[in-house]
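Below you will find one chain, with nothing else, as structure tokens; this is the form predicted alone, and questions on how it binds or moves follow later.
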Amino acid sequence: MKIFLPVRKSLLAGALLLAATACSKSSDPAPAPAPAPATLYSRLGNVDGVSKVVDSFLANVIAESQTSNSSLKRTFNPLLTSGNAQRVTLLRDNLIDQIGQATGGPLVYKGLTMTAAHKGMAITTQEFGVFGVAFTKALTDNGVKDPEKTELLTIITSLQSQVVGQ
């Protein structure tokens, strides 16, 4: 009898451990997965919000390029005076797609690389800054909150080396 007693005790201990483990797993609810953070794209209002910002931005650039001391006339006027509305529409659509993709949305930018798109334009740091002011104004005019503004302007600023001096 004494030979079987240690075996019986270890089997009993193992059974208790198994029962405790099984009970704790079945009575504890699985932790809910953390909700995915909202993308910048969705916080901007999806395609409608991005489109409004781009439309305001283009209006700001056009208005600036028509002033007597314009910083953007040299680079933007050729697009406006070409008489080709399709070029302006293409620019608008590309900007919407590019921002939509860069901010985590489902849009896909199909245009040229920034370096290729600006090749030969010799955009200066000052001009890039004026574009930034026009874009910031568009964000403000469309009620974009400061965290989203900062996030999007950081994305845009990261493109400066691909635009300036090309």
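For every residue, the number given is its place in the sequence shown, counted from 1. This structure is a prediction, so every number in the text was calculated from the model and none was measured.
The protein also exists as the form predicted in complex with protoporphyrin IX containing FE (HEM); that form is not presented, and the subsequent description refers to it.
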- Task: Check each of A102, V47, M121, A63 and return the one that places a heavy atom within 4.5 angstroms of protoporphyrin IX containing FE (HEM) in the model of the complex.
- Result: M121
- Query: Of 47-55, 32-40, 122-130, 137-145, which is the one stretch near protoporphyrin IX containing FE (HEM) in the model of the complex, taking non-hydrogen atoms within 4.5 angstroms as near?
  - Reply: 122-130
- Task: Check whether A59 has any heavy atom within 4.5 Å of a heavy atom of protoporphyrin IX containing FE (HEM) in the model of the complex, and answer yes or no.
- Result: no
- Please run the contact check for L112 against protoporphyrin IX containing FE (HEM) in the model of the complex: heavy atoms, 4.5 angstroms, yes or no? yes
- Item | Heavy atom within 4.5 Å of protoporphyrin IX containing FE (HEM) in the model of the complex - qualifying residues of 142-166 | I156, L159, V163
